[in-house]
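Just one chain follows, in the form predicted on its own, and it is written as structure tokens.
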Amino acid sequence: MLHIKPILSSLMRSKSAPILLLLQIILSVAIVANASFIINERLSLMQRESGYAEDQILTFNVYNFDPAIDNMKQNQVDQQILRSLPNVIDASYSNMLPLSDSGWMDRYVDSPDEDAAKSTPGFAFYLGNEHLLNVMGAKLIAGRNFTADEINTSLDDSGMLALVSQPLAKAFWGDESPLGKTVYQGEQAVTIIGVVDKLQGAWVDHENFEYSVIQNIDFGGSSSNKSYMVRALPEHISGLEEVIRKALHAENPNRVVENFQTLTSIKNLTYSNHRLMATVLSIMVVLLLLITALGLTGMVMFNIQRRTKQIGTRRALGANKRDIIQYFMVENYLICIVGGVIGGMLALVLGQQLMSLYSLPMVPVIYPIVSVIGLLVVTTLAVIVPATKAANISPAMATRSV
């Protein structure tokens, strides 16, 4: 027997504390469900496989100030120096750094006829030579890489070739192979010769983050300032900075070599806001559950003191300890379930508002459900101890204390 009717009558006689606890549970479910969803979403974003050999890539910038320098030639010389260094697997110029939250973006069309052309989705636009794919550690799953004699040095050159990421190929060509397709960049024709398994872009929150292209242009000779990427085994990365700086200064001391970063550190910095948000929300969820547990415990202890005579009378009339514990458990389960149902609906409404205001996905129904189940567990843990103490009150002690 759950004694629902007397429990409801008892709650209705003293409404203030149950109503306050009910409101607390409603807010807890609404906030915990949405916070848990956002935490899971942030963690999923951070755990995406990038496709790069993240712990093997070191990047840095070179600034040449001498106006007499032939930038085209200097770019080739610098890359040869980098590739000849001990422990370096490969090196390449790159116009942008993966996962850095900054870079180039473009799109192709599938016809030179502007009126009939269909545009690809926007993609991260990497420019590099035949070494860049190996430096990135990206996996070519169809077609081939560039060869040395196919590398251009300007966006206006002819003979443009491209490697596309598999997600971009599927988004635009579906199950059809993109190999051999000709696309257009303005009036420039570009032939697709390879498909890369994963090749993420620079903007981790962008909807086209998985869409990327490498085009056969070594753009390092176009400017006196340039960025290079060097690949080495993780145990050699830390010692490479000084070796690279000495080697480049030995060839030309009138320049600045700085801003050394590993791709791992770039990724960690880019995702720092996501990590901070997940941490803050996790702390908030724990605090909310703790406050709710304390509220439940406090209410049970208050009711025990208020109903000591009632407990003693029930024990004198034959109620055993289990009945007393069950009474308080059912009373708080009722409040938790009612609050959980209302809080679950509020969580979905709140999720809709977040979706419209901050472009977040809708909160799946499973999150409010799991939040209510979690609160039922918290309720059990918070109520069982004081309810057991109430059950241990003897009828004589209970009636004498009033």
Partner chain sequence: MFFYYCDLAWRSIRKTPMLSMLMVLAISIGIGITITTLNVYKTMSYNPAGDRSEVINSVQLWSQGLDTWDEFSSSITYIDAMNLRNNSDLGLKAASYRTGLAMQSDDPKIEPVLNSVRVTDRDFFRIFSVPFLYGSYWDASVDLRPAYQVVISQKLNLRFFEGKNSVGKTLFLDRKPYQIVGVIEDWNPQPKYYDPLNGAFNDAEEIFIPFSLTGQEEFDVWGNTSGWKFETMLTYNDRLTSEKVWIQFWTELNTDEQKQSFLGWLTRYAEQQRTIGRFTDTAKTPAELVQISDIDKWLEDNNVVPKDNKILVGLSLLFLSVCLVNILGLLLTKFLKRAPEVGVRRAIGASRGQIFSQYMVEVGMIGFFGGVIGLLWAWGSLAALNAYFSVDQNVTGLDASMWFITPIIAISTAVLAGIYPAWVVCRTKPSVYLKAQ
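No experiment lies behind these values; they were computed from the predicted model shown. Residue numbers count along the first chain shown, from 1.
There is also a form predicted in complex with the partner chain; it is not shown, and the following applies to it.
Chemist: By the heavy atom within 4.5 Å rule, which residue out of Asn332, Thr292, Ser94, Ser212 makes contact with the partner chain in the predicted complex?
Modeler: It is Thr292.
Chemist: State the residue from Gly186, Pro234, Gly239, Gly159 whose non-hydrogen atoms include one within 4.5 Å of the partner chain in the predicted complex.
Modeler: Exactly one residue meets the criterion: Gly186.
Chemist: Hey, of 172-180, 274-282, 73-81, 128-136, which bit sits against the partner chain in the predicted complex at 4.5 Å between non-hydrogen atoms?
Modeler: Selected stretch: 274-282.
Chemist: Can you work out whether Asp55 and the partner chain are in contact in the predicted complex, taking contact to mean some heavy atom pair no more than 4.5 Å apart?
Modeler: Taking the distances in the predicted complex, the answer for Asp55 is no, it never comes within 4.5 Å of the partner chain.
Chemist: Would Pro121 count as touching the partner chain in the predicted complex under a 4.5 Å heavy atom rule?
Modeler: Looking in the predicted complex, residue contacts with the partner chain do not include Pro121, since no heavy atom lies within 4.5 Å.
Chemist: Is Glu258 one of the residues lying within 4.5 Å of the partner chain in the predicted complex, judged by heavy atom distances?
Modeler: Yes - in the predicted complex, heavy atoms of Glu258 and the partner chain come within 4.5 Å of each other.
Chemist: Contact with the partner chain in the predicted complex for Met299, defined as at least one heavy atom pair within 4.5 Å: yes or no?
Modeler: Contact check for Met299: yes, within 4.5 Å of the partner chain in the predicted complex.
Chemist: Could you list which residues of 326-350 come within 4.5 Å of the partner chain in the predicted complex, counting heavy atoms only?
Modeler: Read in sequence order, the lone residue that approaches the partner chain (within 4.5 Å, in the predicted complex) is Leu350.
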